[in-house]
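Only one chain is included here, represented as structure tokens and corresponding to the form predicted alone.
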């Protein structure tokens, strides 16, 4: 028996691809992109094209397991198989005991974007933890600073449709490696280039996209706000701004003008490392070539002034007036277009039924190490991890793993593979892939909503997040009807938000048609949508170039460039003179896919990319083993001296710690300082030093 199943990829990527899964006799035999989907257009990225290898990997976790060896160890004999009944009994008993002795806030959930399907990312799990009274998790590690910044100025996280990029004549990929992690935007950009458009990439790293661009501008990390303010300085000085659009649809322009004299091309050149003439040229080309579109990505917000940086870049299409034009504007995220009923899914009201009778405390996920080692009243005594691999992706890695090693910490991990984090788990539970459950999938790079159908029965004894937390809630004795709600009813509830964008879009329609576009124009006619041509969804209907609410956060209510804390301290900057780009690999997705041989072959892991001048100064040649270190620790990699980074910058890719020398990855070197807005991670505000190492050097504890 052979059948074709429509599904949607729920991995943390803006493309939200529609996929076709071929099932023969109950087994998946083929995966392909849906040729009918307007964005997917029949092809998949190199990561998901190999997805059958993931589903049927011999390393899949297929059964519940209990740790029988010391925490922090991995390999044979570390876990023993148990039944789901045994696992549930132990989890229920431990959570009840901890809640009684320390209070329910001693339980901490930890999840993020390993699955961004609407239900399996945040629905039954949220209901469970709210009803329990567990600590809430501020899920800020990836996109919160940029998301808060775009809302601060525009009112919602929406932007230019990807289809409109084909009409642009000037495209700026600002911190956006489109070829590496947004590949389905690329055909629209190539179509624009065939019609005469120019592609400019602003990025400290020579990415795949930068290599094929018309112009690569290698900016110093963390100086994007200075460049954006400098461009506006020139645009206003030359009269290239759209005074009519600004007067109609922006507020705070006078305050912005007061800041701009500080950002002369000469000063901006010193901060950014970009030549003065190139700054002048970029401003002229962006302002006078119409339409102009910016594809902004989240990399620029992973520095200490990341929120200000995103605000400043988002001001550019307001100042130029390019929001009026098809093919103009900016895209950071389109997720704000999908106004699903999250209240019905997450049921925050259940916190009032918890033993606390009130909303519980919130813990920032970026500072997990501190939460596990310093937090008190109550201390964290239980950690439940799903959709995430914190032992690999969190900053201050040594502090995180120190906390995870605590014998009095009860850790449950719901996973598909034995990751860095499962090495510290007391109980490991088998999780489904998206082939094995049904979900609703939105996107943050386009405006199509999809139902992802279950293609096959779960392998082994795998359970989806929804099914796991449903059963856990019932076994805890939570008798609220919402814990018995079936998946289809949950999808119905999510779609019943009553917003115009979802008018006429219900589950039955999505089950029939895998390519349903939101009603962006209110009439479902599919015409190009100009989200901010006639104003913004802010209280005044105008873009907030000045946002007074930022003052209470200690921020400039417009935007200003502030060097990162480590760079401001001369002693630290002298001791550790190189800026580290803790990069994401092109062929992994954060820490997903890292363990698959097929994906590893597409990458060159364990490399430190250096500029020739920095390598020569340290006596380092291409291929040498090098030690990278700062006040937080040290790692060893192999030097790759190839011109991918400018002088003063080094780059290394994120991977699993246990697949790296000494069981450490680059997050040993990154700090858990927070961004100026949103409480995000500051991965790109990291200073290091590098030295040549001999073959016998080993990592030291510290």
Ligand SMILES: Nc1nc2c(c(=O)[nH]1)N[C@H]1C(S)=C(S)[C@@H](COP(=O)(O)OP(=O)(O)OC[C@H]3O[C@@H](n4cnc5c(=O)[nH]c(N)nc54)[C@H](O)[C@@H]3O)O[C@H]1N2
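This structure is a prediction, so every number in the text was calculated from the model and none was measured. Numbering follows the first chain given and starts at 1.
Not pictured, yet referred to below: the form predicted in complex with the named molecule.
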Review point. In the model of the complex, does each residue in the set 176, 300 and 588 place a non-hydrogen atom within 4.5 angstroms of the named molecule?
Key: yes
(Q) Given that the named molecule is not shown alongside this chain, does residue 437 nevertheless sit within 4.5 Å of it in the model of the complex, heavy atom to heavy atom? (A) yes
Quick check on residue 113: any heavy atom within 4.5 Å of the named molecule in the model of the complex? yes
### Task
Examine residue 544 and determine whether its closest non-hydrogen atom to the named molecule in the model of the complex is within 4.5 angstroms.
no
Should residue 14 be counted as a contact of the named molecule in the model of the complex, where contact means heavy atoms within 4.5 Å? yes
The one option of 88, 205, 170, 249 with any heavy atom within 4.5 Å of the named molecule in the model of the complex is 205
Heavy atom within 4.5 Å of the named molecule in the model of the complex, from candidates 452, 419, 123, 322, belongs to 419
Of 337-345, 553-561, 129-137, 195-203, the segment with heavy atoms within 4.5 Å of the named molecule in the model of the complex is residues 195-203
Contact check, 69-104 vs the named molecule in the model of the complex, heavy atom within 4.5 Å, ordered by sequence, gives none
